[in-house]
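In structure tokens, the next block holds one chain alone, the form predicted alone.
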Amino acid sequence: MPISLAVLEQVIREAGSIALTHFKDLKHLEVTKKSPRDLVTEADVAVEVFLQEALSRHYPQYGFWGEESGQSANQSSRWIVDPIDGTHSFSRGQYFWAISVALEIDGELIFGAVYAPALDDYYAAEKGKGAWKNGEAIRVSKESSLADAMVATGFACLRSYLQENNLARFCRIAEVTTGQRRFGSAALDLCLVADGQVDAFWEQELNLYDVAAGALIAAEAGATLTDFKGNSGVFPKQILVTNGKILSQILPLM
């Protein structure tokens, strides 16, 4: 059965409704820790269970890799899912969190969607066909000066207590840019680059389910995706996404 973008949007929005039900009743939300600084809530689990069942029902030919449940079935052609990217923000009643769903076939990202239910923003992309926000085509910004740029980053490395972290890199870049943001959801950070709201995003020590959907959306909107040395590709442990025009200026600071 061919992929239907309308069916996928319906499924992902239904998952968003499940998440919002929990989000509106946070005082009763069950929160546990996978590690000292890594939270998981009952909403994460509920959303992932729903997505795995719904996607398997519509498209049984594909396997599944979810942040909470791991890998199952066919992994050469699979859905890659982060049920709630930005769980800490979610658990505190902040709006910047998202459901991330990507389809990967033989190592190539084919479809990606990132839905922020609290904002009701739905980003999607299909390989070779562009990227959209709420049904409207989006493109990266035209900013060509790093000095005037708005950049975003994150600190998953600190959550893992890594000595090789993002602090010095952040300080170098913050000193020479106009605006710096830390939103707390890599999936949405990538979409903001795609939408021209942010000119560059970088982070380290992420997982593929954090960035798969957003990476395709950014690429289809005209972004460059590299590692910190400028090698092209999706490198979740070291990802730099720019509008292309400031890539050569930011790379020496990475």
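What you are looking at is a predicted structure, and each value in this text was computed from that prediction instead of being measured. The first residue of the sequence shown is number 1, and the count goes up from there.
Same protein, other form: the form predicted in complex with a small molecule, not shown, and the subject of what follows.
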property	result
Residue stretch of 106-114, 178-186, 138-146, 120-128 approaching the small molecule in the model of the complex, non-hydrogen atom distance within 4.5 Å	178-186
In the model of the complex, E220 touching the small molecule (heavy atom, 4.5 Å)	no
Touches the small molecule in the model of the complex: Y95 (any heavy atom, 4.5 Å)	no
Contact label in the model of the complex: L206 to the small molecule, heavy atom within 4.5 Å	yes
Partner proximity in the model of the complex: F170 to the small molecule, non-hydrogen atom cutoff 4.5 Å	no
